[in-house]
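The chain that follows stands alone, in the form predicted on its own, written as structure tokens.
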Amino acid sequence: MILTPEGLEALRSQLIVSCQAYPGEPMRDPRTTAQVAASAVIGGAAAIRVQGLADIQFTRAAVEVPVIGLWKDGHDGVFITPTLRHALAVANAGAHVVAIDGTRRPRPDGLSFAETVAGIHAESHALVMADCGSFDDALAAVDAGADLVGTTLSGYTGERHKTDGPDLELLEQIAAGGLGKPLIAEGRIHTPAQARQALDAGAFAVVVGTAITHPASITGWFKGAMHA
């Protein structure tokens, strides 16, 4: 299956579930990731977001919905699919959409964001999701050819305050900007009510990860509330 920009319409107002585990955790296994992804699809996820080449490959084999893939390399600065090499590897692993750092910060390989997007489009069938941290990021990403923009990095790049929940103000700002590309709400969406708020703020679709697929965090929330 090749996902086209027109095919993204099927994701309008839908839930995308991010299935990721951190290094050293018991669930950090591509087979487990794929099983969690398949379970999310049963629950109604219209697409899956997943990190790591093996996880992408296993998840592609386990689900029949679009897969948004990324490759985290490092912990600071530009580390979400930071170079064209990373991006093409993600596409070759089977991702329908390659999620890359969509900020205006310098990239490790020296390419501009526009050059990276052009390279992905030229050398693969994958679409490009720009993980942005601000309105200016989203504007620049669309100008550079990104197929989707997300609020993934809001609160993590120094341009915006880190909100307790989703950055609804940024969603409203981008939506009002009329950028003409699907706007994906992502980041700190912990409840069904917040997911609804994100749609109401103008999101095309909503990504939820930790609140659905990270048991350690969810357990910590309950324990913290009980012992507050």
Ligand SMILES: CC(=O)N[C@H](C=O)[C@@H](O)[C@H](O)[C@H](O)COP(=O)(O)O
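Note that this is a predicted model, so its numbers are computed, not measured. All residue numbers are counted from 1 along the displayed sequence.
Keep in mind the form predicted in complex with this ligand is missing from the figure; the text below concerns it.
Enquirer: Following C-alpha superposition of the binding-site region, is the pocket for this ligand, modelled as it is in the model of the complex, open or blocked, where blocked requires 3 or more ligand atoms within 2.4 Å of any backbone or C-beta atom?
Expert: If you fit this ligand onto this chain using the C-alphas around its site, the pocket comes out open.
Enquirer: Of 145-153, 105-113, 118-126, 86-94, which is the one stretch near this ligand in the model of the complex, taking non-hydrogen atoms within 4.5 angstroms as near?
Expert: Of the options, only 145-153 has residues within 4.5 Å of the partner.
Enquirer: Verify the contact flag for Phe135: yes if a non-hydrogen atom of it lies within 4.5 Å of a non-hydrogen atom of this ligand in the model of the complex, no if not.
Expert: Contact with this ligand, no.
Enquirer: Taking any heavy atom pair closer than or equal to 4.5 Å as contact, tell me whether Ile80 reaches this ligand in the model of the complex.
Expert: Yes, Ile80 is a contact residue.
Enquirer: Please check if Leu11 has a heavy atom lying within 4.5 Å of any heavy atom of this ligand in the model of the complex.
Expert: Taking the distances in the model of the complex, the answer for Leu11 is no, it never comes within 4.5 Å of this ligand.
Enquirer: So, in the model of the complex, is Ile174 in contact with this ligand at a 4.5 angstroms heavy atom limit?
Expert: Flag for Ile174 set to no.
Enquirer: Relative to this ligand in the model of the complex, which residues of 7-34 have a heavy atom no more than 4.5 Å away?
Expert: Those in contact are Ser18, Gln20, Tyr22.
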